[in-house]
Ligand SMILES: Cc1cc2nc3c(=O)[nH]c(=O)nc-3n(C[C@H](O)[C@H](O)[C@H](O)COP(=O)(O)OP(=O)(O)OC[C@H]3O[C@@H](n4cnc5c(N)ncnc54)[C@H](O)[C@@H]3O)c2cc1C
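First, one chain by itself in structure tokens, the form predicted on its own.
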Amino acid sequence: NISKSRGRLLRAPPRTCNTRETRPVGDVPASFPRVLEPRAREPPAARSTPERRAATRQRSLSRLFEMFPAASMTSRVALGGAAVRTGANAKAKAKARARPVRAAISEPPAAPASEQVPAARGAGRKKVVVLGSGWGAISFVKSLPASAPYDVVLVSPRNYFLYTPLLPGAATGAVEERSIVEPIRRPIAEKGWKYYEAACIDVDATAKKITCRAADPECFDDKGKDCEWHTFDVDYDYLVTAVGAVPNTFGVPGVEDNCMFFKEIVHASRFRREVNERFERATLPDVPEERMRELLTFVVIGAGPTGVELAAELYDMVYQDVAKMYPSRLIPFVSIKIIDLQEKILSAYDRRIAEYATDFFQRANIECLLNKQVGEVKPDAVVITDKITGEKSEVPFGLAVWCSGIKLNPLCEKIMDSLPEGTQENRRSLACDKNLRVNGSNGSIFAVGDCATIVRPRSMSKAMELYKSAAKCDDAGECEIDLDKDQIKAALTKGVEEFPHLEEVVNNIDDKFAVFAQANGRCTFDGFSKMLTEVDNGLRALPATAQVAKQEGEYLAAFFAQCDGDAARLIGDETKFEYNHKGSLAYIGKDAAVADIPGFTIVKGIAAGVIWKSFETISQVSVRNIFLVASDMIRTKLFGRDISRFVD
């Protein structure tokens, strides 16, 4: 050891590393490690051998580790010809290197390093392919543990999840579009799974293989059309279908050419752009009043939750923001109309909610054209027919939006065609058992969300029993009386609590009753049976809502995790999905809403509006989205909506 003292170099006696006291080597206690170890000199030939030199280095390093605690060692040394890192910090880094590298990749990297891919990965594991990136798919992916013995591949042409309940708000600037979308790669990457941005175009249930097509991004437009770019196949052990549904035009001429659909974020973006464009056109000089009235007439077709909330958000935009920034002469020409076949808006909700919402719209000067059936959509007018009187009329519009109904996704039709004949009789959605297994797939295909319906033989039997009881029928079906429409509804309503699906049957009897009723306005038991079969074939067991799809996705993920890759349990387990209805919410404008909270009460007005905004904020799928939506709502309240229009 060399120490410097007063500018002179002095040779100090050796000392141990963990004491400041200077001792000769011979005086060091036996419990202390020694810096120098006396050893006999050996002949030069013996010392020069490589084996001897390696052994000497090993002994020196061993003594060095004894002198210095491992926690203080951060240097890099050579041991046995391999570079290693010592100390606690090195141990943590070595443990991090031992973890599998998790990344959302389209294909595994070529020649992956052995320490990056665990040996068990893929060995004896089941491959689960998920189709879609909506509520059902995102709930399944986020709820399935990464430790479950499955290799998951998600396939969807849309690389983000869309929070659909706030789509009307995004269409008017109440919230920004980016605030209600979450990249699908984020949950995929967190669990080390894969994502392919492609559309599934065919399913071979026998070979357990899907065919996918990727699209050139430059080929997309507002109507979702694309062009072929790359086609490939993906094998699977289990297929989870969560592709949702598509808008249903019900065969009405002119809808696709003259109406906007409202289901995707591109539709909201287009609606926002089109509304702003019409106000800008109306402010130009020398625009006739008739043209201004035509430009500023907005028609929403369909008075379900989506149509009602879109009309309400548009109303808020016009009277809270447009009225402040555009000439006041425009406001008298603004007209918002909503058309529906039912006698109330939000007809699927509780009767009290439907009545309150209808009255609220009428008081807000949103024209409700109810009991009207759309027969045709012309380039500048909607042709409607009064359901009661049969009278036809035309409703001029500057912008029309179609929010009326959904139908089976074309991909589901291909799945049905690939399954054994007779297993899929309901052509409106994939028929599943109570465990969400698609009938006829032998337990290899599951379906969640809008594309699935659960077969309910017991609820139909219950309906028959209720009719027999009300009509005083015997076992052979001979009844003392025949029931009219109101009596049938009253009878079926008694079974709604036990079988909630019967409520949807009751709501859809109006359209079918006249076909199966007798001339006296009553329906026999035989006619009722046929009517019930036809109504049931066109219905779903559960409503097509985000709430249902989310619960189904979470349940299916828990079921897969519970089965732990056991094929026999996945095919034959008798557990079943139980839907838990948590209530209904709808925004109706002017900071008001309606809320049906089971087991509590029905809330209407501003209080329900606070509940609606709070719920839609905290229900986002990530903390990032929660903060973005909350900040957007605060910004809109303080500074108003951004009505800028970006022109291509």
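Just so it is clear, the model here is predicted, and its values are computed rather than measured. Note that residue numbering follows the sequence shown and begins at 1.
In what follows, reference is made to the form predicted in complex with this ligand, a form of this protein that is not presented.
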### Message
Residue-level question: is residue 565 within 4.5 Å of this ligand in the predicted complex, judged on heavy atoms?
### Response
no
### Query
Though only this chain appears here, would residue 243 touch this ligand in the predicted complex if you measure heavy atom gaps against 4.5 Å?
yes
### Query
Heavy atom to heavy atom, is residue 134 within 4.5 Å of this ligand in the predicted complex?
yes
### Message
Under a 4.5 Å heavy atom criterion, is residue 262 part of the interface with this ligand in the predicted complex?
### Response
yes
### Message
Can you work out which of 322, 411, 299, 492 has a heavy atom no more than 4.5 Å from this ligand in the predicted complex?
### Response
411
### Summary
Contact with this ligand in the predicted complex, heavy atom within 4.5 Å, among 542, 155, 400, 338 goes to 155
## Note on the structure
For this ligand in the predicted complex, the stretch among 385 to 393, 565 to 573, 162 to 170, 273 to 281 with residues bearing a heavy atom within 4.5 Å is 162 to 170
### Partner contacts in the predicted complex for 412 to 450 (non-hydrogen atom within 4.5 angstroms of this ligand)
448, 449, 450
